[in-house]
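First, one chain by itself in structure tokens, the form predicted on its own.
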């Protein structure tokens, strides 16, 4: 049986993932501040819009006006897509997402039914996971969230903030339950910072065991699979 793939929005990355993310999968994009997580997530959404797959962007951290302004730098007119009914930007707090889980979908489900959204982003799940004190309840909440995304017939990208090399914010609850994990790096080497991307996990997909070069351009994220970055 052929696995249906959904483009990440980064062509060279798709080529490493047999065409992209598995349809209806949930994928975690993790990295420290300034590594490009939000750009990656938004590029995924924009790619879907251009392919007739509307998207929903749920954020705990960034105001809509600022996001719209920042994304114009890459030629992504979020306000235009929203007016066309292809894009929804929701400023939520973690408690509101928790409420979505207890309600079994709530307002997000209504938006998905109305817009026919096929891609969903949650930026970031770090704040959300802090609502749960122990690993078991965190795992249960994660599973409930992932089941909702699957029920909605959406493919999801979740971002996770990693503040330091020593503090692994990809909790075991998330790490084992998500379908894919992509790590973004912005590491200083001899006084110069270098960007890189690593596919840590991708269920049902043969992945390269290497950290590849990445750059943020005027049109978004680009990767060079032929250029291996050593830290």
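Numbering follows the first chain given and starts at 1. On a predicted model such as this, the values are computed, not experimentally measured, just so you know.
Although not depicted, the form predicted in complex with a small molecule is the subject of the following passage.
Any chance residue 12 has a heavy atom within 4.5 Å of the small molecule in the predicted complex?
Looking in the predicted complex, residue contacts with the small molecule do not include residue 12, since no heavy atom lies within 4.5 Å.
Would residue 74 show up as a contact with the small molecule in the predicted complex if we use heavy atoms at 4.5 Å?
The answer is yes: residue 74 has a heavy atom within 4.5 Å of the small molecule.
Close approach of residue 34 to the small molecule in the predicted complex, 4.5 Å, heavy atom:
Output for residue 34 is yes: heavy atoms within 4.5 Å of the small molecule.
My question is simply whether residue 177 lines the interface with the small molecule in the predicted complex - judged by any non-hydrogen atom within 4.5 Å.
Heavy-atom contact with the small molecule at 4.5 Å: absent for residue 177.
Which residue, 96, 129, 88, 161, is the contact with the small molecule in the predicted complex, using a 4.5 Å heavy atom cutoff?
Of 96, 129, 88, 161, the residue with a heavy atom within 4.5 Å of the small molecule in the predicted complex is 161.
Just one of 62, 198, 194, 53 has a heavy atom within 4.5 Å of the small molecule in the predicted complex. Which one?
The residue in contact is 62.
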